[in-house]
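To begin, one chain is listed below as C-alpha cells, in the form predicted on its own.
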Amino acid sequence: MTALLDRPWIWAWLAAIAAFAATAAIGQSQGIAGLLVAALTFSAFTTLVGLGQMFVITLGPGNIDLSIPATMTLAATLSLKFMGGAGALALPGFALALAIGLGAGLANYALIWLLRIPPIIATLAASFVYQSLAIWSNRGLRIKPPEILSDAMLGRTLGLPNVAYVALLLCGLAWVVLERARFGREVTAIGQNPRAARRVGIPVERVRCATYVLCAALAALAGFLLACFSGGAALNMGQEYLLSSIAVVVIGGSSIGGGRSNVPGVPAGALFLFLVVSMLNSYGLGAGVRLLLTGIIIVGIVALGARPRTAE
C-alpha cells in the first residue's frame, strides 16, 4: 500500500473517485450511470490532448504546446468541409485530419528550430495562423459530420461510450511507448538531461520534432472526434483544452520540469477536472467561487502527488 501511495498518479485517481462520489450524492437527475457515462465521454477528449501535451512536457523545461486548441479547430474544420456530410468520405476525412495534425506539428517544430525561439512563443504564434486558416476556410459556418461518424461517436459499446475506448486504447499505447519503446526512453532521457542525451548518441532534435508532431496529431484526432460527437466544428471548440491539457498532466503526477511522466494519471486528471466542475455546478456555486475552489483542490492534489518518495 505504501508503494502504491508513493506513485503520484494514485492521488489523481483518489481525487476523481471522491469527486464522483460527492457529485453522485447530490442526487443528479441523470443518476449514477448517467454521470459515469458523461464523465467518461467528456474526459476522453481531454485525455487525448493531455497525452500529447504530456509527451512535450516530458522533454524538459520550456517545452509546451499552446497550439493545441487551434490545431483541433483547423483539423476538424477542414476535414468536415472535405467530407461535406458524405459517409463515403469518412475514412479520407479522418486521414486528412491526421495529416493536418502532422503538418501542424512539423510547422511548430520548424519555428522552434529555425528561429531558435522558445516553444511557448513559437506554438502560440502558430496557433494564430491555424485559427485564421480555420476562419478563412468556412467563414464560421458549422458543417455537420457524416451520420456514420456522428453515430459512432455518440454510440456505446457494453454500456460505455465509444470515445472512451479510443482514449483507453491510446493511453495503453502511450504507456507502452514511454515504458517499453526506444522513443519513449529517449524522450525521458532528454527531459532529464539533454546534454547527457546528446553525448550518448540520442538524436535530440529529431526526437523533439517527433514529439511535437505526435502532440499535434493527437490534438487533430481529438478535434476530429469532438466535431463528430458535437455535430460539427466550431471556431471556439478547442478553447477550453488549452489549460486543461496542461492541468491534467500536472494533476496526473508528471513533472512540469520534464523527465518524468505518468500516463495513468492523465485520464485520472481528466476525469477529476470534469467531475469537480460538475460537483461545484451541482451545488449552485457562483463562477468566482467555482474557480477559486477548483484551483485550491488542484493545488492540493498536485501537492500530495509531489511528496518525496519513500526510500526503497
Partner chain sequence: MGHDDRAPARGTGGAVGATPIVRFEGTGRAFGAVRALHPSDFAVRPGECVALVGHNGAGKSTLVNLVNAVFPPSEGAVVYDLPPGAAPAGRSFEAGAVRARRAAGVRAVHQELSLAPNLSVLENLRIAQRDLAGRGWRRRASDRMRASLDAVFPGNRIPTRAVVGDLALAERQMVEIAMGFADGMEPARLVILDEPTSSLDASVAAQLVAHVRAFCASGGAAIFISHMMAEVFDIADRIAVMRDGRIVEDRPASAFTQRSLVAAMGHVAPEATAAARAAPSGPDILGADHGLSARAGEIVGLAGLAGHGQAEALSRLYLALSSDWRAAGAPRAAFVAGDRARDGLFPLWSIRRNVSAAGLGRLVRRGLVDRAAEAALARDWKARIGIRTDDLSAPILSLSGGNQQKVLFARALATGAPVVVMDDPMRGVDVGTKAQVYDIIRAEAGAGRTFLWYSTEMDEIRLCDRVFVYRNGRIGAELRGDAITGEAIVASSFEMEAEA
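Positions refer to the first chain, counted from 1. Bear in mind that the values here come from a model prediction, so they are computed numbers and not experimental data.
Absent from the display: the form predicted in complex with the partner chain. The rest refers to it.
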{"property": "Distance check, residue 198 to the partner chain in the predicted complex, heavy atom within 4.5 Å", "result": "yes"}
{"property": "4.5 Å heavy atom contact, residue 258 and the partner chain in the predicted complex", "result": "yes"}
{"property": "Residue 117: touches the partner chain in the predicted complex, heavy atom cutoff 4.5 angstroms", "result": "no"}
{"property": "Contact label in the predicted complex: residue 185 to the partner chain, heavy atom within 4.5 Å", "result": "yes"}
{"property": "Segment that reaches the partner chain in the predicted complex - one of 70-78, 201-209, 88-96, 161-169, heavy atoms within 4.5 Å", "result": "201-209"}
{"property": "The partner chain in the predicted complex reached by all of 109, 113 and 189, non-hydrogen atom within 4.5 Å", "result": "yes"}
{"property": "Residue (of 138, 239, 193, 230) lying close to the partner chain in the predicted complex, criterion heavy atoms within 4.5 Å", "result": "193"}
